[in-house]
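Just the one chain here, the form predicted on its own, laid out as structure tokens.
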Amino acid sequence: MTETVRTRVAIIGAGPAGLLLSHLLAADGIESVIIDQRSREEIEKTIRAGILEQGTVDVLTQTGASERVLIDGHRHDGIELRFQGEGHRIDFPGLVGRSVWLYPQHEVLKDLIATRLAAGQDIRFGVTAERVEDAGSTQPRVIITDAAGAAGEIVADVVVGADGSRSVARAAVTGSSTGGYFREYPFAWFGILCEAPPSSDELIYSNSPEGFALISQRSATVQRMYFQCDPEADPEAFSEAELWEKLQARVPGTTLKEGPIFQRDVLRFRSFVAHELRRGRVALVGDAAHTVPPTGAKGMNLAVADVVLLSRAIDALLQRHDEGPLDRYAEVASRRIWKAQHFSWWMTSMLHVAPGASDFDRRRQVGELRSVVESEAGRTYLAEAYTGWPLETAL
């Protein structure tokens, strides 16, 4: 027997994009079903960075999705660009009147899951989306398998792929699970979590002859730090002493506060934008639609911008029978997506040392950094992009 579930909107993926979309749709009186192949515990333990733009924080707080972001999150009014042993602060409020919040993604997920379940949201954990069919019809279907292996389908007015970089829904939109514009970077980040007090009140982005480093925070007692490494690096190949030596060498002029390292990983860098963001009544949001290097802190924020637009398009379609906003979703969303791709690429290329870089390349890079920090216009562009452009709502 194949179970058939009927809903207005079927959302594949219980990450930030899928959960927030269901929250915004519910506020408009539109029911949805969310499925995710992971358990709730697995989702809430997905540890990722969490720099939230001003607009993202406004959406979370003003819609009632999260109050904790303002209580447990930490507002950051700037970052430091460090090169040639000197630090240069970028003052966000002074330049653009906005800030960012340090609030890890798994905390956002906890807030969204709790909020949605308290509201009676139908979230089906342990359910795998096998494929999406009939994308061009008015009744697209998600073919599913539950945790016990039983087959089923979800029939909806709209299907949304919020299922991450290995999206199943993408194939129904682009014709291929890998259909998109793609760039692989020749370096990765070696990340650590350690038990130590913060080494800095704000994030440090450091360019050095040894390579890039990011000195971030997680809490008063746990810190997150990264340094540039080979994509094939073995996370277990270095002793703690060697890791601290590598990190310290990349932030000359700053003395890091060291402590026991309890987690280490290697994060590869990729840029990707799907060839299409929507086909018929199937649309993509978040990492299913695009991924960016983490240097510009755009990942989850870009997903929120997608969701704000798509929720309005779905509301227009299902409440007013107006297909125009959904027809324009991809075009409008793509404007911000490609701006974010550029900013992420720019920050990455400006701060990392490429393999085989010549003396000319290094000196040119320092010249670029000076062009930014010594110019109010340069600092303003960085601050504007880092804190987030105004969210578009009109379609």
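Position 1 is the first residue in the sequence shown; the rest follow in order. Everything quoted here is computed from the prediction, not taken from an experiment.
Not pictured, yet referred to below: the form predicted together with a small molecule.
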| item | value |
| --- | --- |
| Contact test in the model of the complex: residue 83 vs the small molecule, heavy atoms, 4.5 Å | no |
| Non-hydrogen atom contact residue 297 with the small molecule in the model of the complex at 4.5 angstroms | yes |
| Non-hydrogen atom contact residue 189 with the small molecule in the model of the complex at 4.5 angstroms | yes |
| Non-hydrogen atom contact residue 205 with the small molecule in the model of the complex at 4.5 angstroms | yes |
| The single option of 214, 313, 90, 96 touching the small molecule in the model of the complex, heavy atom within 4.5 Å | 214 |
| Proximity to the small molecule in the model of the complex, single hit among 333, 60, 34, 51 (heavy atom within 4.5 Å) | 51 |
| Answer range among 142-150, 252-260, 316-324, 222-230 for contact with the small molecule, defined in the model of the complex as heavy atoms within 4.5 Å | 222-230 |
